[in-house]
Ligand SMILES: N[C@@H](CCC(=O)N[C@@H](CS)C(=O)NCC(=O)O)C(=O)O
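Here you get one chain, nothing else, as structure tokens; it is the form predicted alone.
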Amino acid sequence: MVLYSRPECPLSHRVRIVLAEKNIGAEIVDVDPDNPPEDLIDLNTYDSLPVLVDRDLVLYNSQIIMEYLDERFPHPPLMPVDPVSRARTRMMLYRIDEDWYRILGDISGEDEARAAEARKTIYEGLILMAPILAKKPFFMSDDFALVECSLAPILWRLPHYGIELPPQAKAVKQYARRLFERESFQASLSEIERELGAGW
């Protein structure tokens, strides 16, 4: 199994968290997007990262990769067992992708107005999430799950993005620290990512 990954990319990071959480042995290949390996170009016509290769199977969407790994290596499970809870989890993962991951590129872009709007969206979203995170150790659950794998890379990068949480988001900070203290999270970090979360 090989994961082609960018060492600073939050989408790649969340897949690496799943690999570490499940203790899956995979070769991780750090890719320079300006100079990708030829075999990667042949594998993925969408020119996106991360890309997972498992024997004859090639997957190139981080959400699909995470769910595949959870089903292929069922212990520990990172998705609920019952259909209703699984559907709710998928909806939350969809919202994280649409509301936050989709705008992360704006934060590092040259348009300062778009960057400020993206920061504001994430900032306000995290404040709204605080009461939910105060109720359970993890997102609406007692167990670490794929939602955590998706939220952790964004939370870790908040100092890098210039987003400082206010006092009313205390539950978010506590939740984030629980995620960051996990062995799997620490094992998932690239050297570049260690620097990105230095403000924590």
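So that there is no doubt, residue numbering starts at 1 and follows the sequence shown. The shown structure was predicted, so the numbers you read here are calculated from the model rather than taken from an experiment.
There is another form of the same protein, the form predicted in complex with this ligand; it is not shown, and what comes next is about it.
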Report yes if any heavy atom of Ser48 sits within 4.5 Å of a heavy atom of this ligand in the predicted complex; otherwise report no.
yes
Considering non-hydrogen atoms and a 4.5 Å limit, does this ligand approach Ser62 in the predicted complex?
yes
Would you check, heavy atoms only and a 4.5 Å threshold, whether Ala20 touches this ligand in the predicted complex?
no
Is Pro37 close enough to touch this ligand in the predicted complex, meaning at least one heavy atom pair within 4.5 Å?
no
In the predicted complex, the residue from Pro166, Gly162, Pro131, Pro33 that sits within 4.5 Å of this ligand by heavy atoms
Pro33
Among the candidate stretches 187-195, 7-15, 174-182, 21-29, which one is within 4.5 Å of this ligand in the predicted complex when only heavy atoms are counted?
7-15
